[in-house]
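The form predicted alone is given below as one chain in structure tokens.
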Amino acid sequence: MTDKTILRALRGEALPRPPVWMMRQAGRYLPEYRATRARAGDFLSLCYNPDLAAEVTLQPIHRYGFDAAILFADILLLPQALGADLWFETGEGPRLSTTTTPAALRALKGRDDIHDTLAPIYETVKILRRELPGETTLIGFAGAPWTVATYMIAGRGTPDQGPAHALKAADRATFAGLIDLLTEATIEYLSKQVEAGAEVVKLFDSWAGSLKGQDFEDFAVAPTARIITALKARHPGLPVIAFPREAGAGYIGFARKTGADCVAIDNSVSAEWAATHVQVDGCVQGNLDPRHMVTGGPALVEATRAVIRAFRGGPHIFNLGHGITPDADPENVALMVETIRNG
């Protein structure tokens, strides 16, 4: 049985101090990341270069000694592997060819045809497993089907996921077919990451909060449960973290419904509320407001301590409520880690 702190927390152990990592910990707030990305030429070239992707994954581990490294990649690599066109507009973010018709859905590749495109990602995982410190957990990840589908339907990120909701209402069969394909492909993608060396996997459902009522059950809960069930059947004992961001009351019972070993929570709910309503079912990950990484100071120290106090009674992995932002100060990250480890 491993002594890695994150794996212990995922097994349900309440630790004297929580293990810590950050979403987007390899990113633009670090000067060393910016230098490596400049060498790669562009974002997608960085994702698909195993040596450079491993390098940026390791940078925050070398700087801060986080308890976990998360594979450097992007949730939209999977739709690209399925045959969607993907590119990034400078200053505006990702763009994709749209999947909104039965013909467009039929034109996508099958779940077993993604691995040639994604082979460099698996190679990055193998490099990381070799090069990470022995005490550091390696986390693989994918986007959850609903969130990935919102980009594939709209061709870009949208403030309200309106195009995906519109397709769901107008052509339920095409919409459900896309969710089904993404669910199956995500199982294959994450399974290959585990075979390459990932010890934990995480599902990012960044837009889960825009699903309401039965839609939340059908398109956030059910696909996540299907993915987790399949992965655990193939890889017994594999821990899975689920992040249905801004789910609100939907966080309650999410672990029980899906089989997730840990539910990551955003900072739209309080740590005290989550300790009462979510941590009762197992490990919780979160949920410091990322703005503290920009502003720092005594408020950062107190907010960090408050999160630790709230979750002290059960298994907890310290993290932010969302990804760290490019304007964060690396010194504030160091202060957060010092506060967690030294009180």
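Residue numbers here begin at 1 and follow the sequence given. Keep in mind the model is a prediction, meaning the values are calculated, not measured.
Absent from the display: the form predicted in complex with a small molecule. The rest refers to it.
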| item | value |
| --- | --- |
| Contact of residue 151 with the small molecule in the model of the complex (heavy atom, 4.5 Å) | yes |
| 4.5 Å heavy atom contact, residue 68 and the small molecule in the model of the complex | no |
| Touches the small molecule in the model of the complex: residue 94 (any heavy atom, 4.5 Å) | yes |
| The small molecule contact at residue 33 in the model of the complex, heavy atom, 4.5 Å | yes |
| Selected contact from 241, 179, 125, 75, since only one has a non-hydrogen atom within 4.5 angstroms of the small molecule in the model of the complex | 75 |
| In the model of the complex, the one of 305, 63, 37, 277 near the small molecule [non-hydrogen atom within 4.5 angstroms] | 37 |
| Segment assignment from 225 to 233, 75 to 83, 255 to 263, 188 to 196: heavy atom within 4.5 Å of the small molecule in the model of the complex | 75 to 83 |
